[in-house]
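Okay, here we've got a single chain as structure tokens, the form predicted on its own, with questions on binding and movement later.
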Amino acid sequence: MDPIALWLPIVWAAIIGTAVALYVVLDGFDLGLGILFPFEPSESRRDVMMNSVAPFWDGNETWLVLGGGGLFVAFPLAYSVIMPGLYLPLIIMLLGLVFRGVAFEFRWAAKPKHELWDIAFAGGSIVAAFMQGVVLGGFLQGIEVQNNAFAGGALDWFAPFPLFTGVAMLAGYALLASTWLVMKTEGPMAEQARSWAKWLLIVVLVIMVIISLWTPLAFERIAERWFSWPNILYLSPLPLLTAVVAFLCWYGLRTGREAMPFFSAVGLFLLGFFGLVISNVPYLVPPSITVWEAAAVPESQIFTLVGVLIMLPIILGYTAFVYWTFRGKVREGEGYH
């Protein structure tokens, strides 16, 4: 194989994977705030929750656009197969994001009669997060392909494993949000968030164990990847590292640390994401289409890669600038609307 045709798809897969990981982490904690919203009855604390992410939430979704757009331009075959198989959960997810986004803007303007926007914020966040988990589960369980085209049914994703990963995503995003509040707030709000995070960490770890057992039992390709020799030796550090990061998160919550729980929760997400990548490499559409089979012609990949290499530093730069500008605690009665 020509070296360019060999490496370009790998570069693009890395870019898309990075964009997806950044989206899950960065948009995950603000979706998680919507998941936690119904459990916080205090109006002033709800305001603090929303103010803690108000400067960031819309920029976080840039990574979703980059991931989806990158898949379309660099791997059109994969895009043409994945989209028909997961149209319904993807459309429902986007509608949830729309409701969440509109609620962010209109809730403040509608005060004091903003109950409808509270429902839209919480409901949109819950629906979007759940459907993202369903999409992930539907992708992992495999998409039926014949002659390089989607050959399954519109409801193939409506199965136990994708629905369970939908619930898992709700718990994971809620954990990210609670640890974010521990880091960004103070007083009763931070203490409440710390209490949420302790329970959510236990739930997330149980879910990770279930998925770690379910996937190799249900999908032979994943069992072979993780438990064949010498793979089991090479990959054994990953679950051990996950246990260490989980302990650090728990330790940070128990000892009153502020930043450690959040960054440990992010570490859990990234380790889980890395594990899923390992389980499916080199398939872009498991279990039938590899990154090289799905790739566009090299000329098209190079053309779009030039644009990405120009824009990516700009996106990273303004993201870092916004997070640095709005660093520090968010207190009751103050914030960015």
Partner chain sequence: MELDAVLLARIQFAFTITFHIIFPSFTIGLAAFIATLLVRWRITRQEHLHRLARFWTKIFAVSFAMGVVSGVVMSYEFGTNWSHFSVVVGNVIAPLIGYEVLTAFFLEATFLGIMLFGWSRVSPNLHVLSAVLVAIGTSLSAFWILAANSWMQTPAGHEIRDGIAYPVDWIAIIFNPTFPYLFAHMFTACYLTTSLVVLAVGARYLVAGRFLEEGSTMLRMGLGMVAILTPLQMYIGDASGINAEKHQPEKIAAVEAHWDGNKPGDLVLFAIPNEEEERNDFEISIPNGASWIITHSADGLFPGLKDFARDDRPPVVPVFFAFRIMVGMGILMLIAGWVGAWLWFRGLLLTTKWYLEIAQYVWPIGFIAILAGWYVTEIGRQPWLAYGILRTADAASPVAPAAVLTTLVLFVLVYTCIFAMGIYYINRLIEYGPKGAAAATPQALPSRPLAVASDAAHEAMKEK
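On a predicted model such as this, the values are computed, not experimentally measured, just so you know. Numbering follows the first chain given and starts at 1.
The same protein has a further form, the form predicted in complex with the partner chain, not shown here; the description that follows concerns it.
Of the heavy atoms in residue 303, some are within 4.5 Å of the partner chain in the model of the complex. By the criterion of a heavy atom within 4.5 Å, residue 37 is excluded from the residues contacting the partner chain in the model of the complex. Although the partner is absent here, residue 230 is not a contact residue: none of its heavy atoms lies within 4.5 angstroms of the partner chain in the model of the complex. Although the partner is absent here, residue 10 is not a contact residue: none of its heavy atoms lies within 4.5 angstroms of the partner chain in the model of the complex.
The stretch that touches the partner chain in the model of the complex, counting heavy atoms within 4.5 Å, is 59 to 67, out of 271 to 279, 59 to 67, 284 to 292, 28 to 36. Contact with the partner chain in the model of the complex, judged by any heavy atom within 4.5 Å, is made by just one of 226, 104, 250, 139: 104. Proximity to the partner chain in the model of the complex, defined as a heavy atom within 4.5 Å, holds among 238, 202, 209, 98 only for 98.
The three marked residues, 5, 156 and 257, fail to reach the partner chain in the model of the complex, with no heavy atom of any inside 4.5 Å. Annotation for 103 to 133: interface residues with the partner chain in the model of the complex are 104, 105, 106, 108, 109, 110, 111, 112, 117 [heavy atom within 4.5 Å].
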